[in-house]
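Take a look at this one chain, the form predicted on its own, written out in structure tokens.
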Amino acid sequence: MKRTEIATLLQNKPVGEKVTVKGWVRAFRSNRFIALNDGTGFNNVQCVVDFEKTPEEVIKQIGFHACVAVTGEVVESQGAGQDIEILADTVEILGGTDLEKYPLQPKKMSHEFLREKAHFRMRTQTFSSVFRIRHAVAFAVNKYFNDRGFYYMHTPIITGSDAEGAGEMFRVTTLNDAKPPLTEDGKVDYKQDFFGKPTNMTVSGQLQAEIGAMALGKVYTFGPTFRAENSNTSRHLAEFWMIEPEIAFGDINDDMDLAEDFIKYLISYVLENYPDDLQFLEERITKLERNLPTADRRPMPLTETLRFVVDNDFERITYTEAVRHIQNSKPYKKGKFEFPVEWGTDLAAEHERYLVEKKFKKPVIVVDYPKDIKAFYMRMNDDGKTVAAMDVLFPGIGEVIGGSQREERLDMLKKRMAEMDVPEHELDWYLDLRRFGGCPHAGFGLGFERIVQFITGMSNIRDVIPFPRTPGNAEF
């Protein structure tokens, strides 16, 4: 009999029909009730085993995450919690007969342990919900931009430029690491390397996206990026995905409008289409935080946090105003902040959260940052001290989007590159975009895992990517 997907079965409720479902056992109670899930949705279907029709050796093999096929009649459920159930005529074991050695068990397991068993963790209820939502956000990204006339642009993964100027990049080479060829002065001779020059894994597709915007008007990148930052915090990955739109003929105000509309769309899409997964994740967070001090709990329940973003117009303030608000706040004057703040320093997450959660009680966009703490390609403002850069700040997390109007004036761009020791010869093609047919343009970057982490409420960014790459870890 043709298989029926469980999500379709629960939606259509074909009472009286005989169906075949296949999936993994989430629970097996009293050697009689199987909670079966096939990954097509959050909810399980209950299958009732008939002892007279099911051989004892089969029943013995039904265990946590065993893979089974069940054929039987769909009936209205006699128990609470589900509308329908399946009275099993046959139960077939498809896989998982050696479950005594199976590393996962139907009990609470730490996320650290599950990361070590990443080839199994998607089968758990928490992670199946997380990765369904990850899919939803990825789909919404492409739908949003496609529906608004943006073109999806694939930018290089291997690059000879450093968009961020940070230098923390993974080198790509085919040279013999034990005995590389050397120049006369004893340095590695990269002219003999595969690309004839030093190359790295990209940290951003922005500079190449600007090329696309100068021809197609509106483009976006959505691909993997890499940073060789030796950090083991809950906010960092060595391999992650970035979303970077770029718009020709746009200024910093257009950039802020796009960022606000885009991120509201992503969150709204998940709220509307994945309510069961969100409710489960919210209940999970509530249980985890039950015994924590109030100061250590989330400022709002998960769904309320998401509505907080969607339902509020973002407050827009300058960096100068942000510093003044923080310095004049009671927490700052009482020494409650860990880090000091003064004009010219970057804002810490605690400062950003204060602005969102306490001062304005809505998401905040901070604009016009000091030039010395921002990248060379950001447009200089008329004051000569700040650039047209903006950050979008969210509750509980702080900065989630960073963007800017790009410097389209050739003389100003060359001046900034000289100030920041960015060699012109390495980015001569980038300067050409200003020399020949350039125009005002703007864009931003959104870390994909960062927004998935915010939407799911997961505390560690390693838990929203299937196979995290971090210092000392490149498993699977």
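Residue indices: 1-based, along the sequence shown. Please read all numbers here as calculations on a predicted model, not as lab measurements.
Keep in mind that the form predicted together with a small molecule is not shown, yet the notes after this line are about it.
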Between 222, 332, 265, 240, only one gets a heavy atom within 4.5 angstroms of the small molecule in the predicted complex; which residue is that? 240
With the small molecule left out of view, which of 447, 63, 41, 440 would have a heavy atom within 4.5 Å of it in the predicted complex? 447
Quick one: which of 315-323, 350-358, 227-235, 110-118 gets within 4.5 Å of the small molecule in the predicted complex, going by heavy atoms? 227-235
Does the small molecule get within 4.5 angstroms of any non-hydrogen atom of residue 244 in the predicted complex? yes
Would you classify residue 402 as touching the small molecule in the predicted complex, given a 4.5 Å non-hydrogen atom cut-off? yes
Can you tell me whether residue 461 touches the small molecule? I mean in the predicted complex, with a 4.5 angstroms heavy atom cut-off. yes
Is residue 377 close enough to touch the small molecule in the predicted complex, meaning at least one heavy atom pair within 4.5 Å? yes
